[in-house]
Each structure stands twice: as C-alpha cells, then as structure tokens.
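Before any questions on how it binds or moves, here is one chain, the form predicted alone, in structure tokens.
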Amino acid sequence: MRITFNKPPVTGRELEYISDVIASRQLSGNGRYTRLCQEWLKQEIGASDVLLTQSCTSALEMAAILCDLQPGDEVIMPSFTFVSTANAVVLAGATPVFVDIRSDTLNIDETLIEAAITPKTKAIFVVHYAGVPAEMDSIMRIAHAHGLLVVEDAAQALTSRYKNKPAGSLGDMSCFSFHETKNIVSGEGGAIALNRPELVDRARVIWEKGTNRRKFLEGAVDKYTWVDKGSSFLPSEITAAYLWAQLQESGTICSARLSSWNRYHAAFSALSDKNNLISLPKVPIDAEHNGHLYYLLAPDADFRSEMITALDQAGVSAHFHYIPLHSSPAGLKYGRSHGDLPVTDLISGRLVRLPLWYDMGSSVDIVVAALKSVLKI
C-alpha cells in the first residue's frame, strides 16, 4: 500500500450543500453559504469582519492593497515561505525585504526585524509556519513603535493559537488558505480577516471589484459605481458550500490531524534520542498548533535527498518544502535580503515533510516503520 502525501478531507455533507446551491440557481459568490462561512470565521478568529476569497493568494493581494503599498515601499517578511507572500507585495510595486528565520519554529526571527526597518518600510508580513504561530507580541511591539501594519500569513494556521489567542487575530489583518493541502479545504479558496474596524468598508469595496455595490444593496445609494482599486476576489457559492461542510467539522478534522502529529512526534522522539540523524519540530510552550504539518530535519541536503528517495521506494511519499525566495530568480529581481540568511539556507536543504492528513490512522505507523528502515534503526 502506497502512503500518499496528502488526502483532502471529506466530511459527508459537501455534496448535500453543493446540490442545495445548484437547486437555488445562485452559483456566484456572496450568497448564503458565503455568509455562513464568513460568520463562522469571524467568530472563530474574533475579527471585525472576514471575507472569503478565491485563494490565500487573493487574500494577500487584498491585504497589499489595504496596506496602500506603492512603488518604492518595502515590506519585511521571511524568505522561507510560499511565493504568494512576496508576489502580493511585488504586484503592488513594493519591494519584499527578506530576513532570516528562527532555527526552532522556522518562523521569522523577530529579533532581526527592527534592524531591517528603513524609512521606506510600510508593513511586516508574518508567516505562521506549519501552523505554529510566530512570536507575535514582539512583532506587534516593533510594528507599533514604527507605525507599521502587520499582515499575518496564516495560510496554515486556522484554529492555531498564540498565548490563547487565535492565530490571525493578532495583526491588523490576516490571510487563510483552504487549498486542498490544508486542514480545512474547499479545493481552492481563502479568506481575509480584518482586525481593525476602519479597514472593513474599504475591504468590502476592494472585494467587490472596487465598487460600492454593498451600499447599493443596502439601499444607501441608488446605483453602484467604480470607487477604488479592486478585483474579482469572491469565490463561487459552490466553493463556499464545500467549505461550510468542512468548517462544521473543523474540530474533528484538526483533532484527528493532531493525533497523527503526536504519534509521529512520540515515535521520532524515541528515535532522535538514539542518534543524531534527525531533528524534530519544536513548538513553543505558549503556542498551540493545529497539526497541519509534520517535518523532520536531516543532517544535510544530501542525506535529505537520500531519505526522500528511500521513502519513495518504500511506498511513502515525502517531500521537501520551500526553496528560499531570497535566492530564487524572482526574489533576486524583485526583492532584497537584509544581511545573510544562514538559517533559511540551512533549513531549506534539510527539511523533509511527511504524509499527514485527516483520518490517517495506522498509516502513521507504516511511515514510522519505513523511516526506521531507511535510518537502519
């Protein structure tokens, strides 16, 4: 039996809700299921408002507009992230400024942020890697001291918590993903959470293609027109219907993933005590993650490649992760690094992601056994 890397969850009511949308004949966005999802997310995060988007990429692009990024502006972010974090900034004409990550959580190193701030700095984009929240108290103190906006790229972190506060509730706004590789899925899909009330009205306009359509629907104006930047960010009702079935079972889904994550961690903790071939994820005591991703760190890039190949031959699909943005062709063209990024360079060559999905069950044991064989333990 081959152990696939990912298997998107199905909770049982997705087809029922999608059929309901088809029967209603309202397939475009901002219908009943969109509103149900947005209200659920608003309550979960504690946000002033939440808007569904076609992807987390779309949510980040909305955030860049809300930050009012202009050519010449700079945004501080980690290099160890998906391209969408930086693309949103580049599309606005601004420059990503890459700083290094911490060696424990693989999140942005908050101690390096202040030195990277210049008069051109407009915002900080923070990534919660593997669903483990970054050190947000320190980051928010720095941002407030310098008048900067903070956007949480919480693509992987729905239901995670930092000091008992929901991930995504700590910055000025936050962006989530419901891509099929995430805990809660809709195929493609995302959301932007607005944590400052004064951002809500403009976000609604941007979301509605730059028009004041909402005011028209509320009867505040007799016709709607183009008033600001915007784009077609709304997902369809079919996407929202699938997502609603997932959100209703989010506790069960994340609990199952955490159970598999903990089984991995217990097994590999015993292995790492016997040798120094692998290092394990570290979760700070004040953080609660959602079981999104389990990774191991090999001693070097060559050993990592050998591990992935050997696991594949044993029927287990394991993968590396991000190629650092600061050394990528587009990163060199559109961004700049603040100093060297030695941790990012080292971690990116050592990291192996293991299969993890909802209802994985005993497949965890098969992966553990395969890795023991690869490591000859």
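The first residue of the sequence shown is number 1, and the count goes up from there. Given the structure is predicted, the values throughout are model-derived calculations rather than measurements.
There is also a form predicted in complex with a small molecule; it is not shown, and the following applies to it.
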* 325, 63, 56, 51: which sits within 4.5 Å of the small molecule in the predicted complex by any heavy atom? -> 56
* Asked: 171, 189, 131, 96: which sits within 4.5 Å of the small molecule in the predicted complex by any heavy atom?
  -> 189
* At the 4.5 Å heavy atom threshold, is residue 208 in contact with the small molecule in the predicted complex? -> no
* Indicate whether the small molecule has at least one heavy atom within 4.5 Å of a heavy atom of residue 179 in the predicted complex. => yes
* residue 127 within 4.5 Å of the small molecule in the predicted complex, heavy atoms -> yes
* Quick one: does residue 162 come within 4.5 Å of the small molecule in the predicted complex, counting heavy atoms only? -> no
* Residue stretch of 148-156, 107-115, 276-284, 67-75 approaching the small molecule in the predicted complex, non-hydrogen atom distance within 4.5 Å -> 148-156
